[in-house]
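One chain comes next, on its own, written as structure tokens: the form predicted alone.
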């Protein structure tokens, strides 16, 4: 399969000195622009970083029953939203197991945009049976950028024709950048102050150029997936196919996860009318989840001793890893980590993990498997509440 370039590729391909590309939903995506992702990461936390997020799937849902369809599908209460609201939400199969997660933006009284990581058109069409609603896959027509970091607002204020003043967390506004229409949402995947910019594909290059021009005065840098991975782990944000398996792709029961097992209980509105998976989720809510998705921090002294024992200085994982790593309580496996790495900001080795509920309480001491000089070892880890990093500027 030939990977598609995004509308921004004429710019990103020139900037990508590393030539480190990866596949994202059939598109080319930069892993890092420079040979190391470290400056790109620090741009997120200290200035601003610009990400091409066009590969997200995007669906335009419109019509008299648009809100009714989305309420039938997702676990959040869409009927309560106002124009300009954005909801983060998972959606489930009939067993209450997560199929995907994304955002629902209310663009008008009868108009919504749903974003997702995986294709969902057929699922939406199946769930729309009997409803007066039109569903369009606009993934290729709509380009998108994420501008994330402390100076993101200042950059956009230099470029937009109003609408950003007072824009609240998870709200969206229609405005323009140098005369080109855009929608800007106060959302992102870094756990920092950030915005996502949605535009027609034909305006992509002009808007990229405008952001690069103004952003240069604010320390902005284009950033790739390596930097994003570190930031989203610090923010405690899960990634499909890494931190959970979609119910569509799961081969066995143990690969399935419910919203309650993914620390998404706050997204499940069981008080709203019937939606896919509601009966199973109400039952699970009553009995409690068997698993919980948590953060763990590696004890540095324990980690260091493993390396000193073989005559080496500690080696922390600089690019974040994505793999299953067992976690133990004595001789019993308590769960497994799914992604982790070194946090340059927090100066800690952190990971996201699935633990059986009896071991998931914050403060619980466990052991995580590590490989030191080709041998399996265990380092002490402590369960902590996510997110690891949660700056006030994200919501202020």
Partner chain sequence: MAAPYEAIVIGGGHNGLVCAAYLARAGKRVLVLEQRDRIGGAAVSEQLFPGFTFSVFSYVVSLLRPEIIRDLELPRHGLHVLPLESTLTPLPNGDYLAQWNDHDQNRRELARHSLRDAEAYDEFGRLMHLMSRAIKPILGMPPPDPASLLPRDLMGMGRLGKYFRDLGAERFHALHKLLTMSSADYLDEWFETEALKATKSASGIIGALLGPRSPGSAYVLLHHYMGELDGVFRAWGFAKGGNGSVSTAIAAAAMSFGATIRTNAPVSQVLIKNGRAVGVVLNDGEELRAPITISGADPRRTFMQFVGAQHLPNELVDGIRRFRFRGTSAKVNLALSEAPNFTCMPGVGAHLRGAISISPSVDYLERAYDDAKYGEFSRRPYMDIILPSMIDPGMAPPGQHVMSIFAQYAPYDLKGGWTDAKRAAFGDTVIDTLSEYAPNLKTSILHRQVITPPDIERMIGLTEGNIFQGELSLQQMFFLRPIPAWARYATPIEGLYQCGAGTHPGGGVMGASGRNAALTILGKMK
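Residue numbers count along the first chain shown, from 1. Model, not experiment: these values are computed from the prediction.
Not on display, but discussed next: the form predicted in complex with its partner chain.
With the partner left out here, its partner chain still marks one of 182 to 190, 137 to 145, 308 to 316, 255 to 263 in the model of the complex; by a 4.5 Å heavy atom cut-off that stretch is 308 to 316. Mapping the unseen interface onto this chain, residue 361 falls outside it, with no heavy atom inside 4.5 Å of its partner chain in the model of the complex. Within this chain, residue 324 is remote from the site of its partner chain in the model of the complex, having no heavy atom within 4.5 Å. Contact check for residue 163: no non-hydrogen atom falls within 4.5 Å of its partner chain in the model of the complex. Not displayed here, its partner chain is kept clear of residue 119 by more than 4.5 Å at the level of heavy atoms in the model of the complex.
Candidate site formed by 35, 42 and 301: every one of these residues places a non-hydrogen atom within 4.5 angstroms of its partner chain in the model of the complex. Of the listed positions (334, 47, 56, 69), a single one reaches within 4.5 angstroms of its partner chain by any non-hydrogen atom in the model of the complex, namely 47.
The listed set 267, 173, 151, 292 contains one residue whose heavy atoms approach its partner chain in the model of the complex to within 4.5 Å, identified as 151. Contacts of stretch 200 to 237 with its partner chain in the model of the complex, defined by any heavy atom lying within 4.5 Å, are made by 217, 218, 219, listed in sequence order.
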